[in-house]
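To begin, one chain is listed below as structure tokens, in the form predicted on its own.
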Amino acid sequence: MLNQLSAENSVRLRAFFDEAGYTESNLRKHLGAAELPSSQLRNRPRLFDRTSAATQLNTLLRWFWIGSAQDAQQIAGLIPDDFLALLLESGLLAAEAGMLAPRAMLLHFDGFLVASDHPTAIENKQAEMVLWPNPTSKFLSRFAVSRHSRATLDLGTGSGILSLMASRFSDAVVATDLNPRAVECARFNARLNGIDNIEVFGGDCFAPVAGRCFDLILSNPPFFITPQTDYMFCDNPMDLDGLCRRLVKEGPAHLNEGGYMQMLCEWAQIKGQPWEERVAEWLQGTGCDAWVMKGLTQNPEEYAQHRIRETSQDTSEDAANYELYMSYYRRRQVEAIHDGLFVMRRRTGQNFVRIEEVPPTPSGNLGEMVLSTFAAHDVLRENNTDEKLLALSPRLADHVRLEQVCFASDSQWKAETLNLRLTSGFAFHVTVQPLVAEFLISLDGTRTAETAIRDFAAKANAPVEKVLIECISMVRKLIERGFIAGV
């Protein structure tokens, strides 16, 4: 597929693309939109029209974005001979009967230039295709605990984009993949971007790193729940969500104390069993604290249609594929399929497990949100009595806002509810009464919770003991949810 260039030539080649204008910001302007060429979108004519002028950038775009071969004579002089030689030597281009044909797509991710297979690989049913930087891996990268890591594992690396991201805060990164073409691609991308602290190995699950432990494990595994195994990047031979369960069970043995494992996955909801019970079983006996964040839920009919549309371009196969999928789900009594993120932290002692549905479209520094959430549970564990909690000096987090909802009545706005809402991370909210909101604003970190509560009780002319009980319960809840920090 791709051949390693020398470190010097890799740097020269990457610099050439930048100098030619093949940059993320420039391509969006040049193409009018950064959408990939797709037979479903029918956008190839538009992309060809946008790149019709005989320029160096358009030549590169037709090769490495659109995926089109070009006549060697027609592009003569547009690409310097020494760089054309590097493109051929690297395997990014191949010479065929007077044509120069691309053998990879080149996309940008977080400042890196990443080689992968072209979307036509799905149309050609290429089982070992290497996926381009896709939304799920980008989503996981936003949640990555990007503190200093002595060693990071990218399990199921694909094109290597999570490894590239992790190389910035890791002393060493190990990337693994069962797909030999992915192993080659990840090695190529590390060299192309001048990264020298990434090792890439081939093998199944944790076998390539037997006996090794890490401060961070990131994984976007092939988690599709389907009866087919057409593509290595998304399918696996284990029944239903068996692969994800296996990784959750085996991963902790490869974590250092205090190390995190973060994995995107899908899981099935089986008739008669709440989905929470299914994933809770995966986490039993792992020696890890865990936070499971459920996102999208689809019924089997929606899920089958969605996956068939993603992985099959031949509409003549739709009816047979749909029947195959639905028969698979019915035999296993699948009622729904959920997706989400598992975050696990290796910790000696009694572990907590938090399983919940989270609001969509989180914002801000999500890696910091993960760390602060686990730190909040540590605070609650270390201050597990009322006396200890009352001695803390809590402070409302900086990203807390109080929102008032009003309704129209008699030509006036009348208050209906007050909500505390987080403006960073997940948009969790809590409905509060006006007096409670007044109490919470007094939590500024300058006095203990007990002092603040007693002052509030006196101001509200309410029994101190009753107010203490109610306020302590609320403070606990708000610490866990991230509304209170700085304790």
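A residue's number is simply how far along the shown sequence it sits, counting from 1. Quick caveat: nothing in here was measured; it's all calculated off a predicted structure.
The next section is about a form of this same protein that is not shown, the form predicted together with a small molecule.
Contact with the small molecule in the predicted complex, judged by any heavy atom within 4.5 Å, is made by just one of 394, 156, 259, 251: 156.
Distance criterion of 4.5 Å from any heavy atom to the small molecule in the predicted complex singles out 161 from the list 244, 190, 225, 161. Residue contact check for residue 303: none of its heavy atoms lie within 4.5 Å of the small molecule in the predicted complex. Contact annotation for residue 233: at least one heavy atom lies within 4.5 Å of the small molecule in the predicted complex. Interface residue remark: residue 146 is not counted as part of the site for the small molecule in the predicted complex, having no heavy atom within 4.5 Å. Taking the partner from elsewhere, residue 203 is found to have a heavy atom lying within 4.5 Å of the small molecule in the predicted complex. Each of 131, 134 and 178 is positioned with at least one heavy atom within 4.5 Å of the small molecule in the predicted complex. Of the stretches 216-224, 251-259, 295-303, 402-410, only 216-224 has residues with a heavy atom within 4.5 Å of the small molecule in the predicted complex.
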